[in-house]
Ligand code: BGC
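To begin, one chain is listed below as structure tokens, in the form predicted on its own.
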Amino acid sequence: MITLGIDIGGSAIKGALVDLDQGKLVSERVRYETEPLFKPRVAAELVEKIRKKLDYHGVIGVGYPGVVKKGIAYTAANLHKNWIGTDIAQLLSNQTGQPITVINDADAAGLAEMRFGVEDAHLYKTVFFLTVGTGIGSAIFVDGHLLPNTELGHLEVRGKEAEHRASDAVRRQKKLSWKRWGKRFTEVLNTYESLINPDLFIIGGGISSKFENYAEYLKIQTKILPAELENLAGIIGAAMAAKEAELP
């Protein structure tokens, strides 16, 4: 089954066609850079641009970087405040003429990683999945079931939100060495570890492909693995959510 997945990020909107039987992209990944704090209308136009470029008709899955319930955005930490209260599903459906399913972006990536990524992830009782990029997104799975919209990247760690302390954007902006960044990220992981006590951490997002650069600096008790799908997980998971929303 081929479905279009869209990943809305803080600095770009990406999309591709996904084979949901294999969990693989079957088209080019179309990416459009965005201005900081872009508004919902801009996103709608870019999603339609992606759909047309890929010549796709059918249900579309969209990952959104914030709390989203029944298609409506409740937070917009790295986007324009106009997103809050926007019915994203309706907006994008009106723009594209296609049915739309919207899910938290980290939840989408986590769903993809649990099904198609890290081998045997489903065997762990509690899995804590993190996307590390512009911000930090979180997805928690217990016995394979998702607890949606956790948004623990905004949890305070030593007086500052976790994503403002140890996101990949912070690493690049402050030109931190992997060792220094690893120490900051360890503080974040230790906080999550003490609160949630997961059996496995999975680190996703673009930084997962650089895992060998910082793995030795992560001093935690819980097992930690890099995501296998890397930056493609959000697109794949969004497509999964859209197709599953169609099921009776």
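Quick note: we count residues from 1 along the sequence shown, nothing fancier. On a predicted model such as this, the values are computed, not experimentally measured, just so you know.
Keep in mind the form predicted in complex with the ligand is missing from the figure; the text below concerns it.
Contact check for H154: a heavy atom falls within 4.5 Å of the ligand in the model of the complex.
In the model of the complex, G137 approaches the ligand with a heavy atom inside 4.5 Å. In the model of the complex, the ligand sits within 4.5 Å of a heavy atom belonging to A77.
Although the partner is absent here, E113 is not a contact residue: none of its heavy atoms lies within 4.5 angstroms of the ligand in the model of the complex. Proximity to the ligand in the model of the complex holds for none of G15, E48 and I100, with the criterion being a heavy atom within 4.5 Å. Of the candidate stretches 37-45, 61-69, 206-214, 188-196, only 61-69 has residues with heavy atoms within 4.5 Å of the ligand in the model of the complex. Along 156-190, one residue reaches a heavy atom to within 4.5 Å of the ligand in the model of the complex: E163.
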